[in-house]
Ligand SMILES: C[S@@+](CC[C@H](N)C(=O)[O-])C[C@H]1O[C@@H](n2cnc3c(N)ncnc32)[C@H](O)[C@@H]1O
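Shown below, as structure tokens, is a lone chain in the form predicted alone; questions about how it binds or moves come after it.
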Amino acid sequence: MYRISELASLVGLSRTALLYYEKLNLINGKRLSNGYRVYSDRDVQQVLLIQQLQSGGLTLAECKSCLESKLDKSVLRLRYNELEKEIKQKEWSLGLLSSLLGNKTSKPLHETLSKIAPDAHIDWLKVQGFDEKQALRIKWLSKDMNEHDKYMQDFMRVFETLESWGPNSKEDTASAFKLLSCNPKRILEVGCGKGNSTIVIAKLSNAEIVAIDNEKLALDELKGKLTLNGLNSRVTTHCVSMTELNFGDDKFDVVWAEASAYIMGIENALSKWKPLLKDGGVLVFSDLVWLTDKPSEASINHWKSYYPDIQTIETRKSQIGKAGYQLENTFTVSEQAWKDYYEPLQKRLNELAPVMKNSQAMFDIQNGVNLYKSHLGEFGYQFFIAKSL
């Protein structure tokens, strides 16, 4: 026979818990003549049996029912489903913590945050020690703060010898420029890269051009092109983020952004760049859009990861109007622009394949090339020329 304190020690429960068990008639103590309550071996075993049932998620009331009658399978199924859901949640939580500790990829986390909380995501990455340039590249390129440095090293190695970092052509840039309703005297080019478009618009105009990008290596190449073409006197470069543009009271006739506005979000860019324009100034930008109402599953899955904000042309038109612009012209970037970008890129990938077999950056870039080859026409870049009202 065991006193209640001894029973509590044997089964690992408190005196209060055991008294509650007795209140439910799960155990039955006997009171001795000296006033002490004592319990038998059977009571010990009964408590241990109940503890086993409780480990399956059953309540005490449900345990009591199991002891007094046949098992209620509907109750067991309910508890099973609840426990299965809880296990999945715990596994997800375990994976999240593992990724934050750097033990596994953090890509799923960054893809989710980029979609549901884009601004908070960038701010959080800055708190973790990344500057804005790195944070934006984690969002759009590596999607993994644990492997970011290695990813960007590989990414830059692929593109270091290429003339273009995205689909564009001199002909498309010239076509967009000739559709301007004004004769610009001052142009701001946002995300100029290596300056392919910069040289075109500089040759087509007599305007003063301010070209900005956050990649110094690209700007260094642009400076060489400016010198070669004798354009240094009219084009100045600045290594700065497109999200931190501050030119005081200086305004521009045109803000030009080819395949770069997506970095800060199209609607955000429409809003933030508007004050940079003079009255009646023009914003020219190109953006990746759907060219069909029924894109393939392969295209949807790809862009869901790499550009979740891809929209139809009509949606972009609507956003332009709501932001206080009048759309003057729009056209789709030519297929030749894609060929001029992807064919040299594929050649470069083939060159590096033997020495970069396990590179995630290489894998991601090759996936993009493959999608272009098989599904171009479902998506494409679209130029928008919009006058500020």
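Start at 1 and count along the sequence shown; that's the residue number. The structure presented is a predicted model; accordingly, all values stated were derived computationally and were not measured.
In what follows, reference is made to the form predicted together with the named molecule, a form of this protein that is not presented.
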Q: Pick the stretch from 146-154, 87-95, 187-195, 118-126 whose residues have a heavy atom within 4.5 Å of the named molecule in the predicted bound form.
A: 187-195
Q. In the predicted bound form, does Val240 have a heavy atom within 4.5 Å of the named molecule?
A. yes
**Q.** 4.5 Å heavy atom contact, Gly166 and the named molecule in the predicted bound form
**A.** yes
Q.
When the contact criterion is heavy atoms within 4.5 Å, does Tyr262 count as touching the named molecule in the predicted bound form?
A. yes
Q) Is there a heavy atom of Asp213 no more than 4.5 Å from a heavy atom of the named molecule in the predicted bound form? A) yes
**Q.** Site test, Glu132, Leu136 and Glu258 vs the named molecule in the predicted bound form, non-hydrogen atom cutoff 4.5 Å
**A.** yes
